[in-house]
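Starting off, we have a lone chain in the form predicted on its own, written out as structure tokens.
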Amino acid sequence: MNAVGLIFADSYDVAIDELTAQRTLAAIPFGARYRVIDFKLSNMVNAGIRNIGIITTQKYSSLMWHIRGGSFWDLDRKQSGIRFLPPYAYEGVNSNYENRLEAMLAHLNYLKECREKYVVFGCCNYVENVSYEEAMKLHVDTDATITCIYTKNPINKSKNLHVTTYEIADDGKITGCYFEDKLNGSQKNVSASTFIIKREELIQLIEKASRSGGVSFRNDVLVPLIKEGKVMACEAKRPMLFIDDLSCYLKSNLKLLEPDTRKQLLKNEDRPIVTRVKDSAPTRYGKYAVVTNSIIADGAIIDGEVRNSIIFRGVRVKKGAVVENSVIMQDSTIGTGAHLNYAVIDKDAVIQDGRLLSGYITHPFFAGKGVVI
């Protein structure tokens, strides 16, 4: 695909402060062994995109450590490859950016240096396995200025946050773009905040919006083009799991326990989701281990009971402990006799012996990174 990819690594439309306190949104662990950015990055690589910029503003150390030179995605190249685009990177940019339009304006030099004809750009507030080739074909065939990817089934999309929806005509053109206070039953075409456009046209539109005092890509770029009838919609038909807040994060992780969802997201040989390999030892199950309907990564040690849960690499569940309906991140320890239900435990946390920690699917219990309880 003759396109450059742009990934926005930060959180603009989410409320998941618990997990973004020490990392950027794109670096949030997901599904026992992945990071959220693995899905967007893999989708681009699977579409043949070999030049990708990652725009981020702060707390991106763990993201850089995870991606490194991009070798796991075959992006460690002499020409093109992967490039981090932090703030203050260019002359004339003297402040952090607050939205996508400012972020792209800050890195116009990067876009101008690229030679690809198109740009595919999007955010990391969901995980998906989308075919950008299909969206690109639609974009070229219809001669649209912008093609927007959307979903009719926003799985675990928060109903308490702002949401962008599209009104779509029978010919696939977007005729309306709405920024609503919350998701409701009548709203079906939910924006995936992923777009395709010609690179030169994107540069011109950003510069034009900047000269006129624009502060929003949606309001100052997308909406005027919709009124001119130049914007097409492309539906993402595979599952799209949103992580807008902590409850959505837990629900979307547990959604992977459904075989059909797991198959559509992760078991496609033609569209693999790639992550950084850590060469951990195989998971060890002790004499008293009981595991039911769970995903457990390599390197874990299970001596207790795990039910309907996601267990990351290096986790230790000790004898007599019960973990159910929970997400336990890398290298955390669940002590002897502890009981967790509807909990999200961040990396390197220690839940000591006998602790009883319980939340609910809409209000999970949360333990931060490195916390001892």
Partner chain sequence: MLSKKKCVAMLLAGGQGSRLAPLTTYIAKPAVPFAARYRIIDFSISNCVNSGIDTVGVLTQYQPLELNDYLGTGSPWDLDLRFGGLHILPPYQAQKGGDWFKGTANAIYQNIKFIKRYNPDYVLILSGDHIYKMDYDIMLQEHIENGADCTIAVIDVPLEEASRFGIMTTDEKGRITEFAEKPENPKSTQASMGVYIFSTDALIKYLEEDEANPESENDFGKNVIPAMLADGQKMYAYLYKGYWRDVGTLSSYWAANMDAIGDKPELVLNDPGWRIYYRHSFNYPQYIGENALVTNSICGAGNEIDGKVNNSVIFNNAIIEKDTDIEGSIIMSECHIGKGVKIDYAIVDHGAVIKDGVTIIGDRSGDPVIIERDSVVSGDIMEGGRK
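What you see is a predicted model; the values in this text were computed from it and never measured. Positions refer to the first chain, counted from 1.
There is another form of this protein, the form predicted in complex with the partner chain, and it is not shown here; the text below is about that form.
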Inset, instruction - Would you please decide whether residue 128 lies within 4.5 angstroms of the partner chain in the predicted bound form, comparing each non-hydrogen atom pair? - result: no
Legend entry - Proximity of residue 160 to the partner chain in the predicted bound form, heavy atoms at 4.5 Å: no
Inset, instruction - State yes or no: in the predicted bound form, is some non-hydrogen atom of residue 228 no more than 4.5 angstroms from a non-hydrogen atom of the partner chain? - result: no
Legend entry - Close approach of residue 272 to the partner chain in the predicted bound form, 4.5 Å, heavy atom: yes
Inset, instruction - Would you point out which of 204 to 212, 161 to 169, 238 to 246, 293 to 301 contains residues with a non-hydrogen atom within 4.5 Å of the partner chain in the predicted bound form? - result: 293 to 301
Inset, instruction - Consider the chain as shown here, without its partner, and state which of 142, 264, 219, 280 has a heavy atom within 4.5 Å of the partner chain in the predicted bound form. - result: 280
Inset, instruction - Have a look at 118, 73, 195, 150 for me and say which one sits with a heavy atom within 4.5 Å of the partner chain in the predicted bound form. - result: 73
Legend entry - 182, 347 and 372 each touching the partner chain in the predicted bound form (heavy atom, 4.5 Å): no
Inset, instruction - May I ask you to list the residues of 22 to 56 that have any heavy atom within 4.5 angstroms of the partner chain in the predicted bound form, in sequence order? - result: 31, 32, 33, 34, 45, 46, 50
